[in-house]
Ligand SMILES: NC(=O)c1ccc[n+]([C@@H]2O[C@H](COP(=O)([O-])OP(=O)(O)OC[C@H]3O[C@@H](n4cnc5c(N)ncnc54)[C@H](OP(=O)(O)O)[C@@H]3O)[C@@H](O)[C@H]2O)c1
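Before any questions on binding or motion, here is one chain by itself as C-alpha cells, the form predicted on its own.
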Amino acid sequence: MERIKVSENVSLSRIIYGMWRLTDDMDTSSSHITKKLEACLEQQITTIDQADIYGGYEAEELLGVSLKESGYRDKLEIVTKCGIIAPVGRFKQSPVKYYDTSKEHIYQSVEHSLKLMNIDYIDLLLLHRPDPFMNPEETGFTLDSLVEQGKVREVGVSNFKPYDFSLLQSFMHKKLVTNQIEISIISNDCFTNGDLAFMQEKRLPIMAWSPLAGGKLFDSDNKFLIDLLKEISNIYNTTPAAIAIAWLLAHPANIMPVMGTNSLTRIRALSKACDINLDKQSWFRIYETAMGHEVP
C-alpha cells in the first residue's frame, strides 16, 4: 500500500477507511469493529477517518472501545474532525444546527475525542466545515496550540474552498496539511473549478470523501457510465467500483479516497484499486461519459 506523506511527522495510507457509517451497522460490537480494523491492516490500510459528529456523536466511542481492547492504536493513524453542532447526542438541546470554530469549542471537542477513542493524541485533526462566523485569528491560534501541546500531530480542513483555506492559513504558524472534499466520477467539479489546482500549487495531498458518490454512481440514471465501468473492469479483471477508485488514484494530485463501508467483504477488497494502472485514454472516457459531453 502506497503511503502519502502529509508532513515530516505524519504519513497516511493511500486508501483510508472511513467510519461515518459505523453506527448504521447492525453489529456495532467492539469485536466486529476490530474485525474491520484487522481487515484494513491486512491490506496495510492504516488510516482511519472519524468525526465527532459521526453516528450522532457516538462513532468515536465505538471505535475507542475497539482500540482499547485490541491494542491496535499504535498500528493506526487516527483522523477526526470537529466544528459541527447538531441537535443530536450530547448537543440534543441545541435549538439549531450551526458551526463552532471557537477556541473553547475546539479544545472541548479534542478532549472529548481523545477520551472517547481512548487515545493520547490525534494524528490529524480537521475542521469539518468552513464556518462563516469564524474568527480566523482565534481558530488559527487554537490549532497551533493543540499541535504545540502534543494533543494533535497535524491539522487540516474539510470542505474548504481555496479562499477559506488561505484565510485560516494566514493566521497560523503550522501548515494546514490537507483538505478533505467530495470527489468522485460524478462529483468532479474540483478538477476544473480550482479546488484541486490550489492544493497542487501548495504541494498538498487531498482527501476524497464519498468517492463512490454514496452508491449513487451505480444508480440506473447513470446507465452509460455503468456500462463503461463494466467494460473497463472486464479489461482489468476487476470490479466497476475498483475502476471508480482507480480513476481517482490515477490523478497526479495524490488523492486519498476515504472508503466507507460496513461490509467485511468489501473492506477486504478496498486495496484492489491500487493494483490498477488506469491509462489516460480510459480516464478521459470515464470523465467525458460522466459529464455527458467530450472535453472542449
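For every residue, the number given is its place in the sequence shown, counted from 1. In this text the structure is predicted, and so the values were computed from the model without any measurement.
Just so you know, the form predicted together with the ligand exists too; it's not on screen, but the next bit is about it.
Across the options 106-114, 151-159, 85-93, 167-175, residues that bring heavy atoms within 4.5 Å of the ligand in the predicted complex belong to 151-159. Here is the short version: of Y98, Y72, F141, F218, the single residue with a heavy atom within 4.5 Å of the ligand in the predicted complex is F218. A single residue from the set A213, A197, V147, I226 has any heavy atom within 4.5 angstroms of the ligand in the predicted complex; that residue is A213. With respect to the ligand in the predicted complex, the three residues G18, Q180 and N262 uniformly fall within 4.5 angstroms at the level of their nearest heavy atom.
In the predicted complex, no heavy atom of E60 sits within 4.5 Å of the ligand. Taking the partner from elsewhere, R266 is found to have a heavy atom lying within 4.5 Å of the ligand in the predicted complex. Within this chain, V258 lines the site of the ligand in the predicted complex, having a heavy atom no more than 4.5 Å away. With a 4.5 Å cutoff on heavy atoms, L37 does not count as touching the ligand in the predicted complex; it lies far away. Of the residues in 126-142, those that come within 4.5 Å of the ligand in the predicted complex through at least one heavy atom are, in sequence order, H128, R129.
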